[in-house]
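Given next, in structure tokens, is a single chain: the form predicted alone.
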């Protein structure tokens, strides 16, 4: 057991023993040895919790299951959640959008050296300068400081695509989106996708059909990307869970780069700063 695992288990055990929370959301190993989300309700079960580079999902999305009272007369559940630095910014996003209340959430922040997908370090992790969560109640740290990569272009992975012609970009995304089976795994894994009824499935008004033709696939992915503009925290959970290996993070990062260039805004750095696409200032002037 690593030092990080012991710190996570200790924090979870203490929260549950003290009655501070009713559940701790973290990671465990399933029957086949793979890491999966875990929901720990008893202090003795804190031993199930693990931590490794395989912990590549954003557990903040599960807070949506605990943000309302389960029934009349019962208070909103208090929960604890294990987060990486990118996940922590999703907590700030939900705080600002009034989806959760800070007093109901305990944040176990993990100093992160990067997460892996199929044994390979995520591309975003290779340039990430953010190794400590921006918000936490308990900070889990390794014995040795986490090495931060040399500063470089955070959006170097989308630079090549920006040099393409519109026709070349259209051809690229048409090929990628054509593999989509509209399983909506990307939507379910994203903490920023919490609409009670998704536009993609709305009957009235009817925005799009449930067909598996390319135009419908285009509509879903482009619509979702625009809904996340200025809100995506770059956790890449959508891409991790995609069964068709569509590079969804690249699409999200292209919009994130535009928002950062236009407004100087980095999603989730704090819960007070207003997202640019959710606000309006009469003095605002865009470079068009």
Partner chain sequence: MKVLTQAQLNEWLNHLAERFTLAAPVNVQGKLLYRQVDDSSGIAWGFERTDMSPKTWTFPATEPILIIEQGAETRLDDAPAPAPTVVFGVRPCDARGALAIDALFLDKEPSDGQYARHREATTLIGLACPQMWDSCFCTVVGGAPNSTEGLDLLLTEVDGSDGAAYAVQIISEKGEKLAAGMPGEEKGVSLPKPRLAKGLPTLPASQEWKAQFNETFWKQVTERCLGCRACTFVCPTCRCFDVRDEVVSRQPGRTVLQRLRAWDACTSAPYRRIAGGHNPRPTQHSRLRNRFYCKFMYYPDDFGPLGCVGCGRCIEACPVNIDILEVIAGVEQLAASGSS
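Numbering follows the first chain given and starts at 1. A quick note: this is a predicted structure, and the numbers were derived from the prediction, not measured.
Not pictured, yet referred to below: the form predicted together with the partner chain.
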I need the one stretch from 103-111, 139-147, 174-182, 73-81 whose residues put non-hydrogen atoms within 4.5 angstroms of the partner chain in the model of the complex.
174-182
The one option of 127, 189, 95, 134 with any heavy atom within 4.5 Å of the partner chain in the model of the complex is 189
Would residue 116 sit within 4.5 Å of the partner chain in the model of the complex, counting heavy atoms only?
no
Heavy atom of residue 34 within 4.5 Å of the partner chain in the model of the complex
yes
With a 4.5 Å heavy atom cut-off, would you call residue 208 a contact of the partner chain in the model of the complex?
yes
Can you check whether residue 57 is within 4.5 Å of the partner chain in the model of the complex, heavy atom basis?
yes
